[in-house]
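The data below hold one chain only, encoded as structure tokens and taken in the form predicted alone.
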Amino acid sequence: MANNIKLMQGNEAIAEGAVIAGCNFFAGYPITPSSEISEYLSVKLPKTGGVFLQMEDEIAALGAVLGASLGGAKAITATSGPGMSLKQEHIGYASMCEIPCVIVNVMRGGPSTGLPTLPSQSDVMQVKWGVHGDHAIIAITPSSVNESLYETVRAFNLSIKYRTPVIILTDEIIGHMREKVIIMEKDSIEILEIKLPSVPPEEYKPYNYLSGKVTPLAPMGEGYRYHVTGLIHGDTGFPSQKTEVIQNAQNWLIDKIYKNVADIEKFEEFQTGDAELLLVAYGSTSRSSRQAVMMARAAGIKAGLFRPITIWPFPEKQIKNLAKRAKIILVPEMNMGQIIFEVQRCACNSAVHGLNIVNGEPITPDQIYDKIKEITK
């Protein structure tokens, strides 16, 4: 059968990607500019045997998602700014208990109520550091409607593979724009399914930190006994204050992500082969950045674009390699400066400049090109 082509909104594409990935549970609370995701799934999920719940608040929404995931569901929630702040404690709980789930944050301006209907990229560091304590997180930043669909599928795959919450970090522009989406046949898309453990219940260790492998999470009610707690715990899930257990548990939460960066990371390069000036941009700002690169090239400036698609873990190795040639780096962001600090850390031998616009309007190619001309004089 031929691929199906649709005109879709970014938020709709995320919702459709969730359905393609096998999502059968959504719990959320309406919040601009993410509400179309819940609206779409409120219609779609009941038709496919799934469950849609509108909860009383954002905290309860993620709590319901975690409960559904522990029961064997593929679960998702969607929110923005203030809602993401409310979800932080449960994100930490999901990280500690290793509960797979997908959380969509369609970014808007802040702090507080801020700019509910206008775009921003100011939650990038909140996603990385919002949870207290040491932990690792996976976050994905699509830059088109088509990519929003397929990166949602990948987010579900990663959440199951590494038993962790995965955050889709998009923004109002990508969430509300409409573009052509090519929906491939389902059998041509990689979709990981939830599997039962390969050992009998009496041998099951859900938190087998020393094995070096992520143990499949047994759905509750399938005969596998284990304990779920936000306390530091041993291999059966029961709390422990033994120093060795504590160290192993803390190491594991970091290592299972950072020792598998090559599998998790994803990025795109444009005209970087001979680039002497490098743009590092993500999400909707990368679209303007790509056009600015072409404008610079037309003017004889050897510019290139590096676009992280997986933004956490941050693609340190690639930035370090590109910085060996590009002695000038420009980081345009719809915030007062966030990813620029990661770029500076990785590209310490390059001059790193920021272009930070937070007036609720997209950063345009002309604004980026003007900055390029300024820093290359």
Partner chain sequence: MIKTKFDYNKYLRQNTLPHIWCPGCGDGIILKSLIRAIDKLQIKKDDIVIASGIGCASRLPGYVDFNTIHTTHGRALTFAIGIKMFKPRLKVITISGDGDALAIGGNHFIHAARRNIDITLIVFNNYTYGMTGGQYSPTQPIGSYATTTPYGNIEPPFDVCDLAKAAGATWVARSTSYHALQLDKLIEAAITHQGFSVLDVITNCHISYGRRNKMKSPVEMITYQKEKGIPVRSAENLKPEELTGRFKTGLIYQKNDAPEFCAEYQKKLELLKTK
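What you are looking at is a predicted structure, and each value in this text was computed from that prediction instead of being measured. Residue numbers count along the first chain shown, from 1.
The same protein has a further form, the form predicted together with its partner chain, not shown here; the description that follows concerns it.
- No residue of the trio Pro30, Arg154 and Glu185 has any heavy atom within 4.5 Å of its partner chain in the model of the complex.
- Stretch 46-54 is the contacting one of 46-54, 330-338, 30-38, 307-315, since its residues have non-hydrogen atoms within 4.5 Å of its partner chain in the model of the complex.
- Interface residue among Gln247, Ser198, Thr229, Ser112 relative to its partner chain in the model of the complex, by the heavy atom within 4.5 Å criterion: Thr229.
- Arg225 is the sole member of Lys259, Lys213, Arg225, Lys242 with a non-hydrogen atom lying within 4.5 angstroms of its partner chain in the model of the complex.
- Contact check for Gly221: a heavy atom falls within 4.5 Å of its partner chain in the model of the complex.
- Using a 4.5 Å cutoff between non-hydrogen atoms, Tyr369 does not count as a contact of its partner chain in the model of the complex.
- When its partner chain is considered in the model of the complex, Glu269 lies well away from it, no heavy atom lying within 4.5 Å.
- Of the heavy atoms in Glu89, some are within 4.5 Å of its partner chain in the model of the complex.
- Annotation for 51-77: interface residues with its partner chain in the model of the complex are Val51, Phe52, Leu53, Gln54, Met55, Glu56, Asp57, Ile59, Ala60, Gly63, Ala64, Leu66, Gly67, Ala68, Leu70, Gly71, Gly72, Ala73 [heavy atom within 4.5 Å].
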